[in-house]
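Look below for two forms of one protein chain, each set out as structure tokens: first structure 1, then structure 2.
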Structure 1
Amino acid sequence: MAAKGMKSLGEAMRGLSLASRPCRTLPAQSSPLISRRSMATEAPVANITRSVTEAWQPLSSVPVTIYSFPSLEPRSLEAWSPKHLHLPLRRDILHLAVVYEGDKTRQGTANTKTRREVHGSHKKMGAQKGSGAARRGTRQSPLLRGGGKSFGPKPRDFSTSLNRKVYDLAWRTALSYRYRRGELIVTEDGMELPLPNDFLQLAESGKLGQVLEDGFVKKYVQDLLAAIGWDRSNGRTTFITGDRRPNLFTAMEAADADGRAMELEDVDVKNLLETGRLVIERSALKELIKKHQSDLISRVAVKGIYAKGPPTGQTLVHY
């Protein structure tokens, strides 16, 4: 309290002084000292400011572990640019991208007939006056049953536009979101589901029949996903590969309650945000980043050199 008293006294003395100094250096005093409340019961203000001695050091690279599938043994380590896989979450940009994709995929084929398109004669249906009923023109009138539709839907294109750089940023933001949450699993190239030898031999020799073969593959992949913790109760899993892998895709179609497998060209931003996790093979991830970095690269050459953007995946450890 003594220290506080001295401080107040000092403030009062400074307020009285008429030293010649610029206004902006004068202490801001909104109310007279006497009207300020005692600070005895005030909670201490948390030190929310950063210490200036520690400069903020942004990450220069983020690690990406490449796993084997399905054993999930870490096989190699790569360093990726934070601009690719460690962007801050921007919900607004993700929203823009998802709405843009939704608009673009609308079929827009709803169609109704106007009164000019409805079949039939355009003869007046009855006399204008004297029938005791309402006056009626042609039978195509929108007021009548079977008539045309006024202002009805016509086939049209619902797609909206989004700047390419914003859309590309959304792709990498979605991947970064998965990465930060630990829901992006990168596997070695050629991700495929290995089926047991004995089953394949039995299937080939025709001893099982189609029902047993289908049932086996379904149960096999369901057990595998449940053991890893990637199944339905853990939010399903999306597998992304460069092209169609027969075992993996057919198995995931059988066990669709536990996840799905997609080819790279079928994937969009919404798909990246949907299931519990993404399992993507390394080359597919690389291709995906390469296709969606228009805001990082330049199409304008300066002294004959294009800005290439950060490299995609530098190997640190490789087996």
Structure 2
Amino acid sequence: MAAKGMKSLGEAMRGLSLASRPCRTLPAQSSPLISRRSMATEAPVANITRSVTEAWQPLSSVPVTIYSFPSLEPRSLEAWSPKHLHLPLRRDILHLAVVYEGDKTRQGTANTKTRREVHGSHKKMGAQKGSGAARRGTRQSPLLRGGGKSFGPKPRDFSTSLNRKVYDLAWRTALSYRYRRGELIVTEDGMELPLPNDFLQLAESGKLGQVLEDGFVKKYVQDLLAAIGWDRSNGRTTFITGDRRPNLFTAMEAADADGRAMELEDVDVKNLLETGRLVIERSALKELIKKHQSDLISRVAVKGIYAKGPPTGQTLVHY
């Protein structure tokens, strides 16, 4: 009976007209979330989206200041392509490059002797049965002390493969990460550490021992970097030059805890990400960018001309 009553009540409610149904009206100022807007006078959403999109424009170039070393006086202002020094951070690409470099540096020289390589006689040590002991073969058996190794490591190549364009993109991504954080300092060519003349004369004459020379150079480098603002509390400094500079490289070897100096040929992606900042010569930076922009250069000739990639380092202002 209850089911029939509910059914009849539902039919009765559906039979009511809209005019006869009771309705509740809210006052005009009942809630601040309720607003009266006219769709005829409201601007469409597409126009708002287009205005925001038009306001954002990609960078046409990024500024790079060239400094003198070690005074860090600005010498010139150059414009570099954002495809070289303003790429978005891609942790996945950087991870691939670092793993690729690590796999290439693994020596893979571990070597163990098998039972065919162990010294000794290959004669069976005892009878197969009747001795009351285990059935052992030759002296080179892996079951015996001094025998061969079962499934031991052998010299192998751990290197993996990585697409060249991906690897070159990782190089420029690492430089872009340093540039956006203000940790990429570009200096003039010929970067060298000026040591005092009195110290150089004493060192050349041999009046100073190795301990005194290393101690003086270490203290000198620490004071110089602290005066610039590159002390150890802000991380080590990596100096990258086109070739080896005697004073700079010797001083960095003595003060290894404060910084290091590297030639361009010895630098990899991991080195660009390890220390607190990078100090690189202008010519070395141009050579590095030129070497790692294969993904920006097309091998398809258009009217007999190959794309050479964005320009590097166009001078805007000389100070």
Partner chain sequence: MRNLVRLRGSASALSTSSTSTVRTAATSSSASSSHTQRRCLSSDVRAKKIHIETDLVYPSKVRVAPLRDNITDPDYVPADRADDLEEVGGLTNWWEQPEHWGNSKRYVGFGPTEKVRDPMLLTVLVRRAVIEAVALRKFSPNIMRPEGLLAVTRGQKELLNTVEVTPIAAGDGSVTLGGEKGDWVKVWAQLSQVKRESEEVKKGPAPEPELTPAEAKVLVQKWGSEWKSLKLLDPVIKFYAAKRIQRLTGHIIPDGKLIGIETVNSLIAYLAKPPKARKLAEEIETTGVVANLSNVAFSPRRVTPLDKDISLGRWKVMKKELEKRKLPVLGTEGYQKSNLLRWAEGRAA
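Heads up, when I say rigid core I mean the largest set of C-alphas that superpose within 1.5 Å between the two forms. Every residue number counts along structure 1's sequence, beginning with 1. From a predicted model like this one, the values you see are computed outputs, not experimental measurements.
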Displayed copy of the chain that is the form predicted on its own
2
Aligning on the core only, does the CA of residue 146 end up 2 angstroms or more away between the two structures?
no
By the 2 angstroms cut-off, has the C-alpha of residue 210 moved between the two structures once the rigid core is superposed?
yes
